[in-house]
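Shown here is one chain on its own, the form predicted alone, set out as structure tokens.
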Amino acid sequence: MSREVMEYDVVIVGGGPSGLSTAIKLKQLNPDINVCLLEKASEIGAHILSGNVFETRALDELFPNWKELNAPIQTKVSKEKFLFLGKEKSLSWPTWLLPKVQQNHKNYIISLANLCRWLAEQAEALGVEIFPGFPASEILYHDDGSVKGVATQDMGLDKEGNKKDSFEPGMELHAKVTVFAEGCRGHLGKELIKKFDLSKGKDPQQYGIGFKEIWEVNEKNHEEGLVMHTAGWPLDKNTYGGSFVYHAQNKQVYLGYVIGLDYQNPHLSPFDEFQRFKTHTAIKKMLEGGKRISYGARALIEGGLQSLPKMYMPGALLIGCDAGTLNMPKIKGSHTAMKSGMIAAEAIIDHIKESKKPLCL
């Protein structure tokens, strides 16, 4: 089947914080470089449901003037709580006793989706071509096995995979370097890790599942700038997990629950545990009279540094949560995802200066 072919210097798969940071840094370093970014969602940010406590360190480096550029980062963390929940009561742990990596007094409560939309605007202003609604479905390889690029998904297929009258083949996007930034357990990233044995000598990767909801609550129950985490009930002592509750602006609360996918009880339902969590007195009183306006779930990559695979291979790079850059002790990953993309951009620029061959570090 013949496909239309488009040639770029760099093709980036994924419009999250890591992929967008790669694109922006590339254009900052070399305005003449030809960069394309593919995003499977209908628009940038559409698949990112995240109340996020954001550390600005990587953004400070990428855009030192982000405040003047009206980045959607406004709600500074003003108060922190950590609760151990029993079935009916709770115990507040002094936040000054928490490890330093879990303290958030210099961070902000943001919508990661809105931040990604803003980053996309900055990228397009620099000349990055962004194609939302085009999922990359296949990795293309050169004869020597190095990555050549990706092909986008065919359109106009029925549920059995047969061509309909509206069928249109996907496009091939060829690049000197292809950057994979799909997020946790991206299907192309998994293929690359296996094909190039990128996890050799590393600990097995670990995963969790996180349920997230955005609530609009009564003003009397809202405390803008509050960051709260909990541990304990409804999980037993043998099951890893906990919650986050972030009070953002406009009377919104970002509420979520994370459970490690190594739980031993085969009858445990992570979704139902999240629903039970919301019935606890400490949580229920905050939500009473409010309404849930958005919800979703996503996998989380939690193995940390000892499970981080090699992030480069012939012709391609693996960044962000596609590789596993989440800093689990910090309960944060956006700033590390962004930084991984910025380092990737620097490596790509150096490589293109030195060679016109596919990337092989």
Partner chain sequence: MITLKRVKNLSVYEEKFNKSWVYKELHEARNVKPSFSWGLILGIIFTGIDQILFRGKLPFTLRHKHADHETLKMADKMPKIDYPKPDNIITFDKTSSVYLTGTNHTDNQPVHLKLKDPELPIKYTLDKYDEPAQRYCPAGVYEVQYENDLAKFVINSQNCIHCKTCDIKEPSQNITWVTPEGGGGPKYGNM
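Numbering follows the first chain given and starts at 1. Here the structure is a predicted model, which is why all the values come from computation and not from measurement.
Keep in mind that the form predicted in complex with its partner chain is missing from the display, and what follows is about it.
Chemist: Looking at D197, E129, E121, D144 here, can you tell me which has any non-hydrogen atom within 4.5 angstroms of its partner chain in the model of the complex?
Modeler: Looking at the other structure, the residue within range turns out to be D144.
Chemist: Out of P135, P72, G170, G225, which one falls within 4.5 Å of its partner chain in the model of the complex, going by heavy atoms?
Modeler: None of the other options qualify; the answer is P135.
Chemist: Classify S269 as contacting or not contacting its partner chain in the model of the complex by the rule of any non-hydrogen atom within 4.5 angstroms, answering yes or no.
Modeler: Result yes; S269 sits at the interface with its partner chain in the model of the complex.
Chemist: Taking the shortest heavy atom distance, is N265 within 4.5 Å of its partner chain in the model of the complex?
Modeler: Answer yes; at least one heavy atom of N265 falls within 4.5 Å of its partner chain in the model of the complex.
Chemist: Looking in the model of the complex, any heavy atom of V53 within 4.5 Å of its partner chain?
Modeler: V53: no, not in contact with its partner chain in the model of the complex.
Chemist: Using 4.5 Å between non-hydrogen atoms, is E80 touching its partner chain in the model of the complex?
Modeler: Heavy-atom contact with its partner chain at 4.5 Å: absent for E80.
Chemist: Of 121-129, 72-80, 217-225, 156-164, which is the one stretch near its partner chain in the model of the complex, taking non-hydrogen atoms within 4.5 angstroms as near?
Modeler: Heavy atoms within 4.5 Å of its partner chain in the model of the complex occur in 156-164.
Chemist: What residues of 314-330, in sequence order, lie within 4.5 Å of its partner chain in the model of the complex by heavy atom?
Modeler: Contacting residues: P314, G315, A316, L317, L318, I319, T325, L326, N327, M328, P329, K330.
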